[in-house]
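Take a look at this one chain, the form predicted on its own, written out in structure tokens.
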């Protein structure tokens, strides 16, 4: 089978790429191992809502048309939105097609699947960054008898055994799961590492509205001093609760969640060991939050728009007990479950093109895999701009990358493809 471009993945990134390829009249196919929006359907917990308001679900040629632009989509609503997009743009999706290998050859790329082999001039990897849970090595030292599961396996509190739960990781996922599980009647201890604290609403507007308005979400990758660090920053401590309440460490301790430092290890006696840096980590998160709010206030004042919004506000520091515990005996039976909210990593085990770094990440320049012309990647954090990992960000990334892809195809059309062709034309 032959096509000009193979897109791998039919989530929002792959579908946005398909829309732009169609606009550029580039023949293509979208291969999906499961169904459209497969990850949203199979690997998210029941109560999850998008962290971004409905108005921010903007895809090329498609957007929100309901009567609740400031609300937050449930998972069924999110799935329906993405499925609706695939139908609206008539994306050439082949579902139930698992890619087993991608190789480079003289004609471009060979994409092997469980339903045959595709040959293409170019490939867009749109499988995203959230394929495999990033479980730390310390998990191997957890005593027998304690259930462990990744955030992708969690669905609701009813699947957990009665008793205490240790949630490891305090970014968006960890904070939300700690909140839900504790409210179910299971006491929760939250191991806190680096996190980004922000208010849900500031000066009467959603924090995402502010980040969009002041231009932070459109900040390009090539203007960032340390893009590697920027791409690994924890997700915002946000939740799409209908009442728009904050989800931060203070809100969690208010309902009784116990805070400890980053999980550093489990010793031979079965005691979990926690870092003593909890106070400093939280102070840094508070500092960064207020720097963001200062930047918003400056933007408003410089434009003479203070009267349009509520007055500036500052928030209480994160409350930390005088001596947070450094040890927790996992053998005493008080902790029945450990939930790893420690992030995800992409899965490129099927990619047989030598473009991966030692950690298994693709080396790329804003989504362009320069070491292998014609190969592109989408759906990764801060790929081309700060909003790249949001539904709202994939359209702009797809526009840029398909423009580069079109230029690549044009260059290939007039240049010899190999040494033998060059010699024959001499």
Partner chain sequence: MTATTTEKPVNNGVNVDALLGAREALTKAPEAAQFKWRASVNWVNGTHSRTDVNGFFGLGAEQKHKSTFTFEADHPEIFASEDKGATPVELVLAGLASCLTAGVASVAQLRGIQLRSVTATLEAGMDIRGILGADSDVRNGFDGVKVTYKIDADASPDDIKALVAQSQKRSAVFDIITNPTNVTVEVK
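Numbering follows the first chain given and starts at 1. Computed from a predicted structure; not experimentally measured.
There is another form of the same protein, the form predicted in complex with the partner chain; it is not shown, and what comes next is about it.
Residue contact check for residue 255: none of its heavy atoms lie within 4.5 Å of the partner chain in the predicted complex.
Residue contact with the partner chain in the predicted complex: residue 194 places a heavy atom within 4.5 Å of it. Although the partner is absent here, residue 276 lies within 4.5 Å of the partner chain in the predicted complex, judged by heavy atoms. The shortest heavy atom separation between residue 302 and the partner chain in the predicted complex exceeds 4.5 Å. For the candidate spot formed by 38, 132 and 151, no residue has a non-hydrogen atom within 4.5 angstroms of the partner chain in the predicted complex. Just one listed stretch, out of 239-247, 279-287, 101-109, 166-174, contacts the partner chain in the predicted complex at the 4.5 Å heavy atom level, and that stretch is 279-287. With the partner removed from view, the residue among 79, 207, 264, 160 that has a non-hydrogen atom within 4.5 Å of the partner chain in the predicted complex turns out to be 264. Out of the listed residues 292, 320, 355, 260, 292 is the one that sits within 4.5 Å of the partner chain in the predicted complex by at least one heavy atom. Contacts between stretch 122-160 and the partner chain, counted in the predicted complex as any heavy atom lying within 4.5 Å, involve no residue at all.
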